[in-house]
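Next up: a single chain in structure tokens, the form predicted on its own.
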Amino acid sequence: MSVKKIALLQGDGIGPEVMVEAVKAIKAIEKISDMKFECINAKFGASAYFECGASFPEETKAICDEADAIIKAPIGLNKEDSEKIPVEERPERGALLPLRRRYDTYANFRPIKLPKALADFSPLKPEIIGEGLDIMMIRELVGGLYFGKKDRGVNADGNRYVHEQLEYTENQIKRIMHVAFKESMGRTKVLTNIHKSNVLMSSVLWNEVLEEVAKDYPEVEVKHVIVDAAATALCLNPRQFDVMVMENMFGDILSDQGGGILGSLGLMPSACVGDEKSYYEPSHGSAPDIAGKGIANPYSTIGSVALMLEKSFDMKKEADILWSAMQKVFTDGFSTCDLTRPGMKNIGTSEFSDKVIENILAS
């Protein structure tokens, strides 16, 4: 029987609460598979800074280095508490970006999945949702504006300034394109490229490299959509999209819009994949205002476990069982308070995952 090590980055706010529920799901998967998982807790984020003096402590790095996969809980605090941390150690700069850089997790997968039975969760009209949504957004995660050189100061005229460079290399673009084309080959073979080549030279290079990579995938139809038009189309006709590929900042913005289409970021897990190691995380924030109340929605964190099973451990069958088990909680008439609708019964964080586990074991 194979054993895989999973590093559990506890995060901030509701992070530790939803992580507990993710572990319960992992243990349930053990019961229906031939895989065993060794789960190792590690400090990460603002809580790690206050306890250890670093948002990404050396001990945590060592645990992650040894792990076969990483699950990261949400990080960050409210503005007042964040200002107690030096700028360079605040969770996004001091922990998240270094995590991505350390393991070169360049491919971010964010599924926008909404079956017709759950269409009431979306703010979009039922006729727009139609038979349901199944979009995969693929975001380049370690290049672009977020990772470019940064500088700030005061110029000779006494004006404060900031310089932030948007940088991409041919190889960075090429590898994310191969990921996107391969994903599309396993789906409808339609790939939508999101760009801003009418303004940005980075998008000109992006599109040039895409056309070169596309020659290796002649079966895939490529559609090109400018990013602002894509934002509109996601609201007016999201079903036109299957696989979408985009650079870092575009992906950050559009994937959050995708969460809005679903009705909550609590319904959007994500995978951050590298060639050697990957980490998995919910797309939502740490919600410190509801921490400890037992009402957080664990769907996105448990869904991140499903992505881990598929992408890190080649356990697609078990991943599909987990997806179905999560969605069945909703179709059975239960919901956490962020998604409740008339006729649905509100349940708490732990009760939601308990029902997921019941569904897994009954599958």
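From 1 onward, residues are counted along the sequence shown. Here the structure is a predicted model, which is why all the values come from computation and not from measurement.
As for the form predicted in complex with a small molecule, it is not shown, yet the points below apply to it.
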Task: Complete contact of Phe109, Asp242 and Lys311 with the small molecule in the predicted complex (any heavy atom, 4.5 Å) - done: no
TODO: Select from the listed residues Arg100, Lys113, His195, Lys277 the one whose heavy atoms reach within 4.5 Å of the small molecule in the predicted complex.
DONE: Arg100
TODO: Sort through Glu211, Glu167, Glu92, Asp134 and report the residue having a heavy atom within 4.5 Å of the small molecule in the predicted complex.
DONE: Glu92
Task: Answer range among 186-194, 226-234, 78-86, 139-147 for contact with the small molecule, defined in the predicted complex as heavy atoms within 4.5 Å - done: 139-147
Task: is_contact(Glu281, the small molecule) in the predicted complex, heavy atom dist at most 4.5 Å - done: yes
Task: Partner contact for Ala287 in the predicted complex: the small molecule, 4.5 angstroms, heavy atom - done: no
Task: Ala73: touches the small molecule in the predicted complex, heavy atom cutoff 4.5 angstroms - done: no
- [ ] May I ask you to state whether Ala271 is within 4.5 Å of the small molecule in the predicted complex, using heavy atom distances?
- [x] no
